[in-house]
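Quick heads-up: it's one chain on its own, the form predicted alone, in structure tokens.
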Amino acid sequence: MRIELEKRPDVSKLFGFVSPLLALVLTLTFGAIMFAMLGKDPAAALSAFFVEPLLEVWSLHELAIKAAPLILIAVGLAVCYRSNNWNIGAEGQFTIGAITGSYLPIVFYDWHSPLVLPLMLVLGALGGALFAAVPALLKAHFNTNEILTSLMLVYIAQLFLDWLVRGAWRDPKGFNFPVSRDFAPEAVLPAIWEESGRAHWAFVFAIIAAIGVWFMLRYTLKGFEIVVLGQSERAGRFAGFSAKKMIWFSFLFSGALAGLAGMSEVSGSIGHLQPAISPGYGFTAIIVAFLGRLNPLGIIASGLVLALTYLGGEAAQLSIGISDKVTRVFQGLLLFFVLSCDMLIYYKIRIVWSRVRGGAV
């Protein structure tokens, strides 16, 4: 007996829509089983994770703060993945964007001007794009696997950040702690509604980016080029599209959005550089992109769901006393079920019985 995957002749649009919802239901079901095995009441644990963080206004602001980088990065990754370019290193591009954008408020800390913040955002996006250009160059001209190169660059970016805040950019008045100077008020991304919470303009950037990319994919020639080359490079060549140019475009675009997310995070949420500026937004954004069906509007919803797992994980640690690793388990379960449900949309499982010696089946 052997098990084979047979490609379905037709893909159901209904199942394509239901698939993310089914993945969420399965994640919650297995999450409840996990809480029961940990000796916790499943209903109370799931409520602490997914309901309690939505009951206070300040919690909704925190949800927006955590969703902003996830949506920004995932929108860029959706362009990459739909064009069949696999950027796995958004975490590194996020980090480099934070570093390059922080150059002005750290090195030129005496410069107080309304131009500081816009230049920081531009430098953040530029830094993320240039860092993403490395795997783009290696794939376009040397046919190197972009999954490996983009992933390995993440560790270089994180170690470079660690070296900076422990060395050249360490705050001389910081009592030897590995942090940079605090940003001046002109370098801090302002809050949207300061009276009710600290959610800042990065969330607005994320929504604008999602709507803009949705429009590009749906109504422009560049969007058509992305879809065609992603489905068939050969068909794209017949249409006059260049696969190499698409590699460059998709990586630079996704890197720029990841860099902008990194700059927005340190400017709006943290206020300085430190060794750890991300709980793994760049990797979690991969789940966000696939849960949103690589659709920018769907990514807004999935970004809020994954942001809720971060926020709920922090709340559950205090309310029911569970480990912060449970958040990672939830995100891993969600990715597993999203990919599994997608596989069953495109393939059906077939069991083949082989005839063996002696006539037995």
Partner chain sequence: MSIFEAILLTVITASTPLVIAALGELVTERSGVLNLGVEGMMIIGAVGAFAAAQLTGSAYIGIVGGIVSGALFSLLFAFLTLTLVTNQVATGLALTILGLGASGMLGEAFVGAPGIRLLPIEIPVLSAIPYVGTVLFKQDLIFYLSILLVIGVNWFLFRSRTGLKIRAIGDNHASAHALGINVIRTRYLAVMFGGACAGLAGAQLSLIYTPQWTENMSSGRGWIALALVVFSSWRPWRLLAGGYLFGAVTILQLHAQAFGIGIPSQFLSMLPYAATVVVLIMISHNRRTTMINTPASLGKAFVPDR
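Heads up, when I say rigid core I mean the largest set of C-alphas that superpose within 1.5 Å between the two forms. Treat the numbers as computed from the prediction; the structure is a model and nothing was measured. Numbering follows the first chain given and starts at 1.
FYI, the form predicted together with the partner chain isn't displayed, but the following is about it.
Checklist entry - Would residue 189 count as touching the partner chain in the predicted bound form under a 4.5 Å heavy atom rule? => result No, residue 189 stays farther than 4.5 Å from the partner chain in the predicted bound form.
Next on the checklist: If we define contact as a non-hydrogen atom of the residue within 4.5 angstroms of the partner, is residue 225 a contact of the partner chain in the predicted bound form?
Outcome noted: No, residue 225 is distant from the partner.
Item to check | the partner chain contact in the predicted bound form: residue 142, any heavy atom under 4.5 Å | outcome: So residue 142 counts as contacting the partner chain.
Next on the checklist: I'd like to know if residue 297 sits close to the partner chain in the predicted bound form, meaning any non-hydrogen atom pair within 4.5 angstroms.
Outcome noted: No, residue 297 stays farther than 4.5 Å from the partner chain in the predicted bound form.
Item to check | The unique member of 168, 152, 107, 211 whose heavy atoms fall within 4.5 Å of the partner chain in the predicted bound form | outcome: By the 4.5 Å heavy-atom cutoff, the listed residue in contact is 152.
Item to check | The single option of 40, 293, 61, 328 touching the partner chain in the predicted bound form, heavy atom within 4.5 Å | outcome: Of the candidates 40, 293, 61, 328, 328 is the one lying within 4.5 Å of the partner chain in the predicted bound form.
Next on the checklist: For the interface check, one of 98-106, 282-290, 194-202, 68-76 should have non-hydrogen atoms within 4.5 Å of the partner chain in the predicted bound form; which one?
Outcome noted: Selected range: 282-290.
Item to check | the partner chain in the predicted bound form - contacting residues of 26-48, heavy atom within 4.5 Å | outcome: The stretch 26-48, when checked against the partner chain in the predicted bound form, contributes only 34 at the 4.5 Å heavy-atom cut-off.
Item to check | Core-aligned CA displacement of residue 344 at least 2 Å between this form and the one not shown | outcome: Yes.
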